[in-house]
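Before any questions on how it binds or moves, here is one chain, the form predicted on its own, in structure tokens.
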Amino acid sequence: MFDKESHPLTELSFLQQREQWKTEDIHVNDFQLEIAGHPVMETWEEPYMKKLAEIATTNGGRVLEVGFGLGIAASYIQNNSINEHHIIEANNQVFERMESFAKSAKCPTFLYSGFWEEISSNFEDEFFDGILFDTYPITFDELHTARFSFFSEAYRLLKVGGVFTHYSGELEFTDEYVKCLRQAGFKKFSGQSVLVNPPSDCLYWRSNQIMASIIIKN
């Protein structure tokens, strides 16, 4: 769970300017995607990403994914029955990997390069049937707030009955989490616990369970 005071990620050096993230080199191996020395995604997340993809595609239709990472969730999204897959990614080199992914996509796939704050305003209200949000806290100030910053925009973008999920970094709904959801307009939400197996030296998750949020606009 992201905690600005005690989380191990605070031991890493954060970028001073968010724009740097776009041009940072990436390092990918069989286990991890690393950007600017940070563990952006690791393969132990696969069962969790599978569940998030299942949630985001509940209604089929048009699905937005924010943050491509290793493409784990994107692959699961494509395996489900949807009409369109829209993906936003900020890092240039990850975007290139995403372009390769899109060439063999099973459904119409639309790619957008940049931060979600630069892209999402171009979408009309109630444009999506499902949203999966999984970005990384780029600056130190985002370490705690990155999870909640997209909630209001998710509410705007979702159709009534649409489903929103994201990397929660939680075991359960905290008071702050619920407050942020309600402030964004969401009233109906629940969670499912997913079993995972992060390594003992993982810097961003230590439990063998993590909550998959199911957040519905009504």
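Keep in mind that this is a model prediction, so the values were computed, not measured. Throughout, we count residues from 1 along the sequence that is shown.
Unshown form predicted in complex with a small molecule; subsequent notes refer to it.
Screening 152 to 160, 168 to 176, 66 to 74, 183 to 191 for residues having heavy atoms within 4.5 Å of the small molecule in the predicted bound form returns a single hit, 66 to 74. At a distance threshold of 4.5 angstroms between non-hydrogen atoms, residue 117 is in contact with the small molecule in the predicted bound form.
Mapping the unseen interface onto this chain, residue 129 falls outside it, with no heavy atom inside 4.5 Å of the small molecule in the predicted bound form. Though the partner is left out of this view, residue 21 does reach within 4.5 Å of the small molecule in the predicted bound form, counting heavy atoms only. Residue contact check for residue 41: one or more of its heavy atoms lie within 4.5 Å of the small molecule in the predicted bound form.
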